[in-house]
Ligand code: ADP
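Take a look at this single chain in structure tokens; it is the form predicted alone.
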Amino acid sequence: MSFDLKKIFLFFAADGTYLSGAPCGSGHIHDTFIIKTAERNKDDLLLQRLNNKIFKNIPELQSNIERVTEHIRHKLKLIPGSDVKRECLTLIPSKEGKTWINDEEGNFWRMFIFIPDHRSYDIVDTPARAYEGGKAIGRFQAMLADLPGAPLFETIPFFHDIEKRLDTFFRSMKSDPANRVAEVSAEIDFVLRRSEEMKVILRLGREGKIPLRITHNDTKFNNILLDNNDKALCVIDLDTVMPGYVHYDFGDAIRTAANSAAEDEEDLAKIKMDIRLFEAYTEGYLSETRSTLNETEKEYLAFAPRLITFIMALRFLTDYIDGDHYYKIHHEHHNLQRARSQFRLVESMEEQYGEMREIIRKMV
């Protein structure tokens, strides 16, 4: 599918002249393009076509991002030496004053200032980078701890709700719309043996032992930009910033930061959680959040990576059983390959769970 990027660009109040546009990034959900401006002293831009099949209410989504980025920018301006334009996403309003537009085909679009001279990693291979990632997410949570006003919208209701994810999985398994259930019996058994244990964070929340906070909810490591010196720069991809438990952010970050392989690695023997990277990320994260988390939150941090990795595997497996309607795939069995990779990572975390708990106990 091709788009007239220059025509869409002209709907926005961008400070610069359109020169060129090209696809950018490897996200599963939106279509992203980098827009080069003709002037050397003007910012380049990121233009995104939003997936309103997944995000049902674009105005609510954009409202969340507006509030969050405005609050973080305010905090950064109070810190000497901060580079606000590089350390926080900046939305470009439309010429009508909104932060999104509809084109003639009904597509939703938004625009950000492009942050140059950054690095992002799908796989983290040094403790120093893992530490910086932990520091970035911890700082992000800390800066939003006092966000005023009403609660943020739930852009995807029940996003990390394991009970809802399991219900959806069991319904898909029962209906078997793509006739694939027979080939995934081992994966189904893996889910069944762990399904009750995975509900513990929800139970703690219901019992009032852990609070709802503002969380990112999609903290895979490539949503953290580092600068050219590999120091934490900016947290991006704010579509799922909404109320959540800190374990969701910590767990998803470890899922990607401490994984020895890619999210969809086919060779399961290559997949392992690197305990060194877990320790480094945890140290960075707690350096920003140690004083705000309660004792129960800290106690269950080590469990969080197991939960979120399990949820991701479950989502990939559910999408495979459904016939691949949610995630973009590159071959017929891509979602199954992703699920198997993530299930193997869960096993690696289980094997090292005692050591993970001891690392956190010593740090808090």
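These numbers were taken from a predicted model, which means no experiment stands behind them. All residue numbers refer to positions in the sequence shown, first residue = 1.
The same protein has a further form, the form predicted in complex with the named molecule, not shown here; the description that follows concerns it.
Comment: the named molecule is not present in this chain, but in the predicted complex one of Thr37, Gln337, Gln48, Thr69 has a heavy atom within 4.5 Å of it, namely Gln48.
With the partner omitted from this view, the residue of Thr289, Asn223, Thr282, Thr215 that lies near the named molecule in the predicted complex is Asn223 [heavy atom within 4.5 Å].
Shown alone here, Cys24 lies within 4.5 Å of the named molecule in the predicted complex, counting heavy atoms only. For the chain shown alone, Leu166 is not a contact residue for the named molecule in the predicted complex, no non-hydrogen atom being within 4.5 angstroms.
Residue contact with the named molecule in the predicted complex: Ile236 places a heavy atom within 4.5 Å of it. Though the partner is left out of this view, Lys298 does not reach within 4.5 Å of the named molecule in the predicted complex, counting heavy atoms only. Taken together, the three residues Ile29, Thr32 and Ser120 all lie with some non-hydrogen atom within 4.5 angstroms of the named molecule in the predicted complex.
Across the options 170 to 178, 195 to 203, 112 to 120, 274 to 282, residues that bring heavy atoms within 4.5 Å of the named molecule in the predicted complex belong to 112 to 120. Residues of 63 to 91 that come within 4.5 Å of the named molecule in the predicted complex, judged by any heavy atom, reduce to Leu89 alone.
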